[in-house]
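Quick setup: one chain, the form predicted alone, written in C-alpha cells, and binding and motion questions come after.
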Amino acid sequence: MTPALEMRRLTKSFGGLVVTNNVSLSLAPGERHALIGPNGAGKTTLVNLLTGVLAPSSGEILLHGEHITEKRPYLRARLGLARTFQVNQLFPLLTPLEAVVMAILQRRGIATRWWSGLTRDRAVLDEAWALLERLGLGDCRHEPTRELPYGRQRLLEIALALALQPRVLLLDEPAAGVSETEGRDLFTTLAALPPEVTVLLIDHDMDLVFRFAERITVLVGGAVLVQGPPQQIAADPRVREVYLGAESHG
C-alpha cells in the first residue's frame, strides 16, 4: 500500500545547527499518528518542512507516492495537504460561516467571488453550514471570530482545514491554550474526523495524544528516538526519561 505521507532521511540545518536530523517516517492512509517530544525537539520545524514553509537541506517528502519536496506550499495544499498552526491563523472580523465559505471557494478555484452574490450559491452555503455543525460551531456561525472563546477558535481552524478536503491533515498543537472542557470538545471533534483523512498530530497534551493516536513517534534533538503504538511508547524507559517522566499512560 502506498503511504499517504512519507519522509525519507529528511534533514534541515541552519548553518552548523541541525534541527531535523535524518528523519524517516511513513503514515498509512487514514492513520492517526502523533509526533511528540520535549520543547526544542524540532516538531514544528518538521511540519514546516512537510508543508513547504521551509526547504530541507536533504531528503525527500512524498504525498501519496508523489514527490513534493520541491513543490511550493499552495501546490501541496492543492494535492491534499492541509495544516493548522500552533498559534491560530484566523480572520478576526469574519464570522465562522464567512471564513469557511471563503475556504471552500478557494478549494474550488473561485475565491475571487468571495461573498458577493454568494447567497445564490446554495451548494457552497450548505457545505459550509454542514461542516460547522459537524464541529459544533453551528450556533456561532454568524458571530465575529474575535468574539469566540479560544477553544472554539481552535475548532474553527480545523474547520477551515477540512473545508479544503485534505487527504492529509497536520495538526500543530490544536489543544494549546484551551481549557479542560474545551479540550474534551476538541478530542470529540478529532475522534470524529473523516476516517479517510490521514492525521499527523503534534501536541503536549499526553492524554489527548494517547487517546487519539494509533502510532506515536518521539522526536528528540531533531531525530527519531522511537516509533510504535501508544502502549510501547508509554512503557519505553527512554521516553520516560526524556519526556514523560514518571507519569503512566495506558
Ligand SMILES: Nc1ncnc2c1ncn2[C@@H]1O[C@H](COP(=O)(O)OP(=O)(O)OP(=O)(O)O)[C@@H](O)[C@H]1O
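Start at 1 with the first residue shown and count on from there. Small disclaimer: the values here were computed from a predicted structure and weren't measured.
Omitted here: the form predicted in complex with the ligand. The next part is about that form.
For the residues H64, H204, R32, R211, the 4.5 Å heavy atom test against the ligand in the predicted bound form is passed only by H204.
Just one of A41, V199, L50, L186 comes within 4.5 Å of the ligand in the predicted bound form, counting any heavy atom, and that one is A41.
In the predicted bound form, the ligand lies farther than 4.5 Å from every heavy atom of S26. Contact between E173 and the ligand in the predicted bound form is found at the 4.5 Å heavy atom cutoff. In the predicted bound form, the ligand sits within 4.5 Å of a heavy atom of T45. Within this chain, L17 lines the site of the ligand in the predicted bound form, having a heavy atom no more than 4.5 Å away. With the partner left out here, the ligand still marks one of 33 to 41, 56 to 64, 177 to 185, 190 to 198 in the predicted bound form; by a 4.5 Å heavy atom cut-off that stretch is 33 to 41.
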